[in-house]
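Encoded as structure tokens, the following chain is the form predicted alone, with no partner shown.
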């Protein structure tokens, strides 16, 4: 009953229980921190629809959208001492033509924002890692990393549709999403309503817009001719 093996099992079970309780308390402490992510600007700066191969691996020609957008968002409140990194991404969304209750959604851009304590886990170049460590020297939390300010950002992933048709698509919107990954605890995503001190993302949707028609060779030629006449 009091053999070395039994004592070892009891000790291991005790420390496992303690570790689980500590982890539970750490995870619960996140709910005591205020979260109020806000988007100040999310708008398109260029819209174009082209027919061709969207990327190198495409096997057929199809319509794909070329979009540039500007984003100014403050996600700094998502960072606490338990935050490992925040995954932020932008999607393009529009209602399905076949089903009014369905929504087409495609990720067009994303980024990973690491906390100072997890910089060594990121896939950064030596120079960028050095800059990150220098800016966060002596800081457990660096709220400035949660401020996204990008202008005329190109799409990171091509925007296409299984039907191969995108021109003149109506009611398209850009939407910012985020996923908070803690050191200990559960993953959390952007929410549609307030949960206590966790506030829903404000102004996370852009205005609705319609994708333009594909320019034909005649239109392009006419534009060139007109431009030459004015010159």
Partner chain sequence: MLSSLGNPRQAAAQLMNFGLILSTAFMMWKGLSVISDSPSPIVVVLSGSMEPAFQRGDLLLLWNRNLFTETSVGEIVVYNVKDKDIPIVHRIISKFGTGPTAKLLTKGDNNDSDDTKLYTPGQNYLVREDIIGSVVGYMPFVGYVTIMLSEHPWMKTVMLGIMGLVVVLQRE
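Positions refer to the first chain, counted from 1. Please read these numbers as outputs of a predicted model, since none were measured by experiment.
Here the subject shifts to the form predicted in complex with its partner chain, a form of this protein not shown in this document.
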(Q) Please identify the residue among 173, 44, 179, 29 with any heavy atom within 4.5 Å of its partner chain in the predicted complex. (A) 179
Q: Select from the listed residues 184, 200, 168, 205 the one whose heavy atoms reach within 4.5 Å of its partner chain in the predicted complex.
A: 184
Q: Tell me whether 85, 94 and 157, taken together, all sit within 4.5 Å of its partner chain in the predicted complex, counting heavy atoms only.
A: yes
**Q.** Contact flag, residue 195 vs its partner chain in the predicted complex, heavy atom cut 4.5 Å
**A.** no
Q) Looking in the predicted complex, any heavy atom of residue 150 within 4.5 Å of its partner chain? A) no
Q.
Can you work out whether residue 213 and its partner chain are in contact in the predicted complex, taking contact to mean some heavy atom pair no more than 4.5 Å apart?
A. no
**Q.** Contact test in the predicted complex: residue 104 vs its partner chain, heavy atoms, 4.5 Å
**A.** yes
Q | Stretch in contact, per heavy atom within 4.5 angstroms of its partner chain in the predicted complex, of 184-192, 46-54, 66-74, 33-41 | A | 184-192
Q.
If you apply a 4.5 angstroms heavy atom cut-off, which residues in 18-44 are near its partner chain in the predicted complex?
A. 20, 23
